[in-house]
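Take a look at this one chain, the form predicted on its own, written out in structure tokens.
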């Protein structure tokens, strides 16, 4: 199969799957099978592209040119392919989990649910494979719109209210800051193409370029820098499979992926390192890391705690990007993957606990591990990955991020990362400690082991195994991340 055909398959497969799912709403088994098959075909087509792309090939596809010099095009490069592989692989696992979860919950409107799920992955693929800023921006906005029905799936007043907040806090910064930043970039550089080393060097004074970089930082609100973070806790009203894949992987990683692309291919890390604005943006990211960790510690609702944990961990990726060193970019790239596996495991476990016990609060976790040992053990593994402790992969990404703070001469930021890791240990390990070492309450005593449906347990086992596997086999990921920083001169 040629690279061009594989690229076309990777782009069109989720959209085709969404249409087929929509037309098979009366056949639940067919609808669910189509969801899983579509996810597998997407990952397979991306896997075909991987060897050539990681060896230096850059297959592309022109889709449209609405204006002279402004085109919608696809180009596969290492960072985008890594993001696409991550989202597509975890879509397979989440599809399996969804079958067990949504059936057990006896949810309604499942055709719309699975259709929008596939549409969301199509827009995420559009972002991952975007060949220029215009294409990336278009699919970034489509991702917001396609996930809105998933956030409001239950149709309750709370879901509709949270959906409005979700849309408002994602669309307003995009249309106010990000769109303006794209127009300004076009005016300065004369192109929206991604350029190795950046396209903006020498186009304006450092002060103006610093303002432009700040517009990107806050305009890409999916990266969840405070104070533009509240959309993420609001989205937790969505069903657990949505929270797991889209709000632990595709949507939130879409934000930090966008920021990484802008840093690497619009500004260039040499220029970012020189901007004065970068210095105060580093401390915005640091404040986000610490404040979100403290808020997470105060939340008793488990999904709310995980949501604020995500905000904090996204801050790690943003911080590493803003440090603009080799270790920072490598650490951010690795953490994009490590956090995805750790956090999706935690969300899967939270959903399994809800199915089996109807409990949603951390204070209600007493004895749950004795009734659900598999689920609570997986929660412990996912927690270790987020905290950055062996034998889970998060230890490697956090190592490079901490090394980056020293390379850049920001010892205070090293203290921030260490403090946040301690806080994450407090707000995450509390759950398995309560689950395994506290006595079961009266409503659970004597009921034996009650795990979630088999499909849910299979998904949990796969992602928890991924967390451990990433600890022992991180070399390949490191090699990919290293492709993003050749000869940068920053360590």
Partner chain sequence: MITQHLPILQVIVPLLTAPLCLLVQDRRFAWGVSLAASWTAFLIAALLLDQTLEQGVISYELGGWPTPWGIEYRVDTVNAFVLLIVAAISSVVLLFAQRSVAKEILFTRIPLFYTAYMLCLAGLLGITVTGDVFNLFVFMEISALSSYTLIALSEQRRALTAAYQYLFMGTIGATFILIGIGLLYMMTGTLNMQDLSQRLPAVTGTRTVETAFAFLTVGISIKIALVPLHLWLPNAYAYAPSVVSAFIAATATKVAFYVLLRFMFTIFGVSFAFKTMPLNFIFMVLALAAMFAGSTAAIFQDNIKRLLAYSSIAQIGYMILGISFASVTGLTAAILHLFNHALMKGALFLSLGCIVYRLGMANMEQMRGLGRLMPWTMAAFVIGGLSLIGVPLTVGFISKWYLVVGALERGWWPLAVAVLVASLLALVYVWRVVEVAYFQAPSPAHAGEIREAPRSMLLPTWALIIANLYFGIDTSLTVGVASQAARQLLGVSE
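Residue numbers count along the first chain shown, from 1. Keep in mind that what you see is a predicted model, and the values were worked out from it rather than measured.
Beyond the structure shown, there is the form predicted together with its partner chain, which is absent from this document and is the topic of what follows.
- Checked against its partner chain in the model of the complex, the residues 214, 304, 96, 72 give one hit for a heavy atom within 4.5 Å, which is 72.
- A heavy atom within 4.5 Å of its partner chain in the model of the complex is found for one listed residue only; from 361, 179, 294, 412, this is 179.
- For residue 56, no non-hydrogen atom is located within 4.5 Å of its partner chain in the model of the complex, even though that partner is not displayed.
- Though the partner is left out of this view, residue 138 does reach within 4.5 Å of its partner chain in the model of the complex, counting heavy atoms only.
- Among heavy atoms of residue 142, some come within 4.5 Å of its partner chain in the model of the complex.
- Taking non-hydrogen atoms only, residue 111 never approaches its partner chain to within 4.5 angstroms in the model of the complex.
- Residue heavy atoms within 4.5 Å of its partner chain in the model of the complex occur in exactly one stretch of 334-342, 369-377, 168-176, 238-246, and that stretch is 168-176.
- Counting a residue when any of its non-hydrogen atoms is within 4.5 Å of its partner chain in the model of the complex, the hits in 150-169 run 152, 155, 160, 164, 167.
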